[in-house]
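So this first bit is one chain, no partners, the form predicted on its own, shown in structure tokens.
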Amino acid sequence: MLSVLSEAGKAMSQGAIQKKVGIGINRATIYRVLNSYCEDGILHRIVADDGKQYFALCMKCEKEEQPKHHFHFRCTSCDTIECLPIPVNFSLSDHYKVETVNCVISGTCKDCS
């Protein structure tokens, strides 16, 4: 699964990963492995505006090139999801502790425009 994501170079849904893997692994097993990789910091999960979960390698995350809390862009034409290197700046009262942020911008990518 990691090699599929690495070769793709972009975030992929569970279904797309399952098609690329091409062997008889059931959906629950794929989600279990993907979620384990997320917990270990190898992948990060993106819940897009279409309700689907997408998974991406954390290559830039490890090098701290990518801000911990960053936006994602989903192309509504080709369904590609990309990490955008734009930090999310927000402020909340002292009563809240932010652990994760999920920000997805939707539109048409440069290839589909």
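Bear in mind the structure is a predicted one, so any value in this text is a computation, not a measurement. Residue numbers here begin at 1 and follow the sequence given.
What follows is about the form predicted in complex with the DNA, which we do not show.
Although the DNA is omitted here, in the predicted bound form none of Asn89, Ser91 and Lys97 has a heavy atom within 4.5 Å of it. In terms of contact with the DNA in the predicted bound form, the residue from Val33, Leu84, Cys58, Cys75 that brings a heavy atom within 4.5 Å is Val33. In the predicted bound form, the DNA stays beyond 4.5 Å of every heavy atom belonging to His44.
Contact annotation for Gln53: at least one heavy atom lies within 4.5 Å of the DNA in the predicted bound form.
Gly24 belongs to the set of residues with a heavy atom inside 4.5 Å of the DNA in the predicted bound form.
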